[in-house]
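Only one chain is shown below, in structure tokens, and it's the form predicted alone.
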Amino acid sequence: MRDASLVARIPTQWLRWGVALLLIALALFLWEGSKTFFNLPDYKLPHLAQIGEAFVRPTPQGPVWRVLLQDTLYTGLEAFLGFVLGGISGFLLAALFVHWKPAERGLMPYVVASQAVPIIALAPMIVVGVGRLGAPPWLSKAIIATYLTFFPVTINATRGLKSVDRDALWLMHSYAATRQQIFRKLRVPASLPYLFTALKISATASVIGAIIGELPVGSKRGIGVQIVVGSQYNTFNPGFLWATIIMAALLGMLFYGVVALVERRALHWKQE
């Protein structure tokens, strides 16, 4: 009982950080333990020290961590543009579906079918096609990120815009509210929880889309290019490949964290 009371006095934030640090320590222990117990070669699973050494290894452009940071920021810009374009286009499409039923019946099957096409097959065509138009190289990656972003936003926003309380909708009609007023004051607030759920999914999907767009031959910048370089030299420098993977994962976590923070600020009224 005394131990339980002591745990109850620990601030919740400290408990969260403690659990997070414990899980990280456990993951690192399992990493090194698996390599030692199964005697895995470095090209399959390098030591953590090798990954750390890969970050600080010097290059003509500076330390590896600086080169990877620059490429990660470049990929982040592509993913951010795709995330914004995909979010806006997905929400506008959802608004069209809510206000015009024929559009939903006619276009929704194509929206769903678009996600059945492997993005790895579309990426080279988009990169080559946009490149022939003389557009900036980052535009094709942003388009691929948009492609992966708009679908969850469209589906969730459509459901959210339709989730308004029936009594509240009748009340708005009794006040002779216009369609625009109902949409702005009733449907949009009701859709925010659904919308932010989609945006958190799309945040990481946009990063994946930008990286996939950088994989075709010809790309010169981006963390996807570094992943390809790391995979080519994985046998000789296995730590570098994992360093690029870590940077890509951190970028996805950053995108997700920003959306989650905005959600907490925007939906504080719902929590209250």
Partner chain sequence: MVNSEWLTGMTRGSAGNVDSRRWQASILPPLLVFVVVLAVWELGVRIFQPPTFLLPAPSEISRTFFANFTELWTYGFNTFREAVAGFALGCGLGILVAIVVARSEVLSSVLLPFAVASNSVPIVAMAPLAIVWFGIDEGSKIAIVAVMCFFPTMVSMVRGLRTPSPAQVSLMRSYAANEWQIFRKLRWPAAMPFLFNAFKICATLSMIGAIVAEFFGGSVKFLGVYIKTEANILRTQNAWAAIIVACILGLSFYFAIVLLERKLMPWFTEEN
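Bear in mind the structure is a predicted one, so any value in this text is a computation, not a measurement. C-alpha atoms forming the largest set that superposes within 1.5 Å between two forms make up the rigid core. Residue numbers count along the first chain shown, from 1.
Below: the form predicted in complex with the partner chain, not depicted.
K.L.:
Using heavy atoms only and a 4.5 Å cut-off, determine which of I88, L107, A135, L96 is in contact with the partner chain in the predicted bound form.
P.N.:
The option sitting close enough to the partner is L107.
K.L.:
Quick one: from V128, L73, L92, V84, grab the residue that has a heavy atom within 4.5 Å of the partner chain in the predicted bound form.
P.N.:
None of the other options qualify; the answer is V128.
K.L.:
Should L215 be classed as touching the partner chain in the predicted bound form when contacts are defined as heavy atoms within 4.5 Å?
P.N.:
Residue-level check for L215: yes, a contact with the partner chain.
K.L.:
Should L261 be classed as touching the partner chain in the predicted bound form when contacts are defined as heavy atoms within 4.5 Å?
P.N.:
Because no heavy atom of L261 falls inside 4.5 Å of the partner chain in the predicted bound form, the answer is no.
K.L.:
With a cut-off of 4.5 Å between heavy atoms, is K220 one of the residues that contacts the partner chain in the predicted bound form?
P.N.:
Flag for K220 set to no.
K.L.:
Residue-level question: is R159 within 4.5 Å of the partner chain in the predicted bound form, judged on heavy atoms?
P.N.:
Flag for R159 set to yes.
K.L.:
Though the partner is not shown here, which residues of 39 to 65 have a heavy atom within 4.5 Å of the partner chain in the predicted bound form?
P.N.:
The stretch touches the partner through L40, Y43, K44, L45.
K.L.:
If the two forms are fitted on the core, does I246 show a Cα displacement reaching 2 angstroms between the shown form and the other one?
P.N.:
Comparing the forms between the shown form and the other one, which are aligned on their rigid core, I246 does not shift its C-alpha by 2 Å or more.
K.L.:
Is there a C-alpha shift of 2 Å or more at V229 between the shown form and the other one once the rigid core is superposed?
P.N.:
No, shifts by less than 2 Å.
K.L.:
Note whether the distance between the C-alpha atoms of I227 and I119 decreases (closer) or increases (farther) in the predicted bound form, against the displayed form; the change is 3 Å or more.
P.N.:
So the answer is farther.
K.L.:
Kindly indicate if, in the predicted bound form, the C-alpha atoms of A205 and I120 are closer or farther apart than in the structure shown, bearing in mind the change is 3 Å or more.
P.N.:
Compared with the form shown here, the C-alpha atoms of A205 and I120 sit closer together in the predicted bound form, by 3 Å or more.
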